[in-house]
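The chain that follows stands alone, in the form predicted alone, written as structure tokens.
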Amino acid sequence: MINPATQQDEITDIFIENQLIIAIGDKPQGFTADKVIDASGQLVLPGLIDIQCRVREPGFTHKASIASETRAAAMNGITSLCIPPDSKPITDNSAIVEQIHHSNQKAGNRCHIYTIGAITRKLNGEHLSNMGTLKLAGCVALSNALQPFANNLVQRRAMEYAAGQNMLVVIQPYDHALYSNGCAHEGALATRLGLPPIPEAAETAALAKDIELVAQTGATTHFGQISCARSVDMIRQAKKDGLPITADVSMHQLFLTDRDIDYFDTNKLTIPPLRSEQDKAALRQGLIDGTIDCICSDHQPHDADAKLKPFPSAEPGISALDTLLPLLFKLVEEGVLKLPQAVNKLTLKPASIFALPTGQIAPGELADIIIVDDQCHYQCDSARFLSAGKNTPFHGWDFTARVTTTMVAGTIIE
């Protein structure tokens, strides 16, 4: 059992009753198991938590659905999903939150879904949403997704209101003017391929402004999908200054660079774009020293047509649920993180940032548990993905870890 919350790394037994873990180690008096799972030779971990996952429902069910993506998540060891507000309709009122949870219930509650509410109405960046109502409906955070605020004053008011509601603000630093319809990291490769560039300043200029607004408003803020070395430095300094901020990185940014988009592979088209080798190294270092708190999948399943267009016109995003866990173990294999540290980045850390009731194995906690075979060897095959989206840049990669059992609130998912 690997449990970052208690730093346990040991061979032991876990006892579960109804939805909860009731004991670890010695069997409770009078306990009789209805079912015994033999996990000998395998790893038992807390269920993974993915804090940035688009399930495409409501509004884009031609790409995927809550039913398809929650099953894909659970069978790949992800027991909790945080979904951003840019569905259709926008998650800016309690009715949409209820609709999402009803759809998850109808799909069998294969994993927990936590909604991130829109911080402005319809994500228009002008009028603040009813954040108190969204909080009461169960939203765990607020965001404007990738939509711009009308101006800095609106963003400041939104962050002040969120702080007053004691709600986490999630921001992906994104300067729309500097992105300017670009599709590739600004560098030699984009120039050689004739692709519209996206400079690092498209992220760092926005991040600098956002950090200043955190200092001004005191809003607890999480920066998502960081991609640049300079961004890591800025977040490191802001943390040293005592600002209430955290950050994550998408898993694919830890393995791929702009060089991988050669031959115009649209499965490697992402926003933010794949950056330089130096940026990748800085992101990995940020994970090691704790500047970057956790990892997300940034799962964006697409239908086949979305990726068949020319590179600048194709839709960005990667189908990432099926590769999140094996890539986590690849970070361990490559010596970037030790296994308990790696597991922490996808369990306890995101749970603590988003105040989720999961992320650890302990008596009294929800039995969100996965069993992993870390000694298997197989090639990634997108055709066998459980996600409805097959758009992955990792097809053909060699992996060594696979989930054999997933338990969500004490129920084995099949």
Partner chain sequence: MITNNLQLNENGKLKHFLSIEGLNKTILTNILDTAESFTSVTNRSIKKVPILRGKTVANLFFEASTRTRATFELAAQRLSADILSLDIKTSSAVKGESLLDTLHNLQAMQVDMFVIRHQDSGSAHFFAQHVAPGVSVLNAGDGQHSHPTQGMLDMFTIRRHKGSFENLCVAIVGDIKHSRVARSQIHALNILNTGQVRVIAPRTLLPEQTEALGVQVYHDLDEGLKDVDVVIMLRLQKERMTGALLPSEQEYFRQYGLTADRVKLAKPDAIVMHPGPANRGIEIESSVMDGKQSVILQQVTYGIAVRMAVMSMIASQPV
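Residue numbers count along the first chain shown, from 1. Treat the numbers as computed from the prediction; the structure is a model and nothing was measured.
The following text describes the form predicted in complex with the partner chain, which does not appear among the structures shown.
Residue contact with the partner chain in the predicted bound form: residue 191 places a heavy atom within 4.5 Å of it. The partner chain in the predicted bound form comes within 4.5 Å of no heavy atom belonging to residue 125. Contact check for residue 262: a non-hydrogen atom falls within 4.5 Å of the partner chain in the predicted bound form. In the predicted bound form, residue 187 approaches the partner chain with a heavy atom inside 4.5 Å. Just one listed stretch, out of 84 to 92, 311 to 319, 337 to 345, 217 to 225, contacts the partner chain in the predicted bound form at the 4.5 Å heavy atom level, and that stretch is 311 to 319. Proximity to the partner chain in the predicted bound form, defined as a heavy atom within 4.5 Å, singles out one entry of 195, 235, 139, 162, which is 195.
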